[in-house]
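Only one chain is given next, in structure tokens, and it is the form predicted on its own.
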């Protein structure tokens, strides 16, 4: 017995050395992995975690454009409760999200449905659909501003060509609403279209064949098969588009620059993010601006929670969902 154990000792030692070598290799790979993650984690801690904490701290301070912040307690939040302009900004934000989000969803759904069919120029059509996603947003905003310019704009020239009167698009709240809504829909529909198209590819063709045999037409198939099975993708598109619409800033800022604050105020386009910008940079109320940004955070959280609740009722994840 002792002799057999002595004969096995070299093999056991070899196995032990191999196990130690494997553990060392795994440990070294783990260390290298964590070292590669350090820049990302450092940026996350510095710009996200620290920035968020500093913003909360600043909201309790009386901080102007210059000088050290002074503790103000809940003064900024009490000021928020009595700020009528902020109420207008919140109402405008919800109004605009109520216009832009359905527009983006409907356009994306229509384009994704068209992309399912084969036709001449299909590749060019797909390139055009994805074009807004790769365009510089500022360039697209400036082009839209030129197209809807009152005197020399392309849209008014087309209206005059058919005998209609030119429209002062930037001279009324309704005109600005139309231009901004069209612009946001144009800038936002590409990625949702791709997501919905990918979701449509996951639907089994057997379902459509069975529906065709039962006499269901294209509209019936879309309503009874495509739309219910597409609800997971639709929900993702709705929640991301809604959050993006609530955070809208660049379109209004570039299209209606704050040279004259009355422009955006009179046209009902002082959104919450825009109001934060005015408070932070234009009037130098850093503490109050921080409180405004937290209001926007609460709004986005509340809307997201409502949508997540509705998800349980309307989103179909299949048999295993």
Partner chain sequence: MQAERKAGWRLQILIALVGLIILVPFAWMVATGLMTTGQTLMVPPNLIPSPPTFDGISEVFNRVPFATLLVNTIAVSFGRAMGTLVICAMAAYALAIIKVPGTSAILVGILVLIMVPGDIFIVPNFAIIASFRMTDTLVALFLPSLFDVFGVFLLYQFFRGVPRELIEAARLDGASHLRILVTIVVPVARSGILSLAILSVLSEWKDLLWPLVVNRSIDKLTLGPGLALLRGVYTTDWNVVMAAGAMAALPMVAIFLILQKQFITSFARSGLK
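Residue numbers count along the first chain shown, from 1. All values reported here derive from a predicted model rather than from experimental measurement. Throughout, rigid core stands for the largest set of C-alpha atoms superposing within 1.5 Å between the two forms.
Form predicted together with its partner chain: not shown, discussed below.
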*Would you mind picking out the stretch of 96-104, 69-77, 127-135, 83-91 that comes within 4.5 angstroms of its partner chain in the predicted complex, counting non-hydrogen atoms?*
127-135
*Decide if the three candidate residues 62, 109 and 228 all line its partner chain in the predicted complex, where lining means a heavy atom within 4.5 Å.*
no
*Determine whether any heavy atom of residue 283 comes within 4.5 Å of a heavy atom of its partner chain in the predicted complex, and answer yes or no.*
no
*Can residue 220 be called a contact residue for its partner chain in the predicted complex at 4.5 Å between heavy atoms?*
no
*At the 4.5 Å heavy atom threshold, is residue 215 in contact with its partner chain in the predicted complex?*
no
*Does any heavy atom of residue 168 come within 4.5 Å of a heavy atom of its partner chain in the predicted complex?*
no
*Counting only heavy atoms, which residues in 284-305 are within 4.5 Å of its partner chain in the predicted complex?*
286, 293, 296, 297, 300, 301, 304
*If you line up the core, does residue 295 shift 2 angstroms or more at its C-alpha between the shown form and the other one?*
no
*Quick one: in the predicted complex, is the Cα gap between residue 280 and residue 294 smaller or bigger than here? Answer closer or farther; it shifts by 3 Å or more.*
farther
*Do residue 291 and residue 276 move together or apart in the predicted complex, judged by C-alpha distance changing 3 Å or more?*
farther
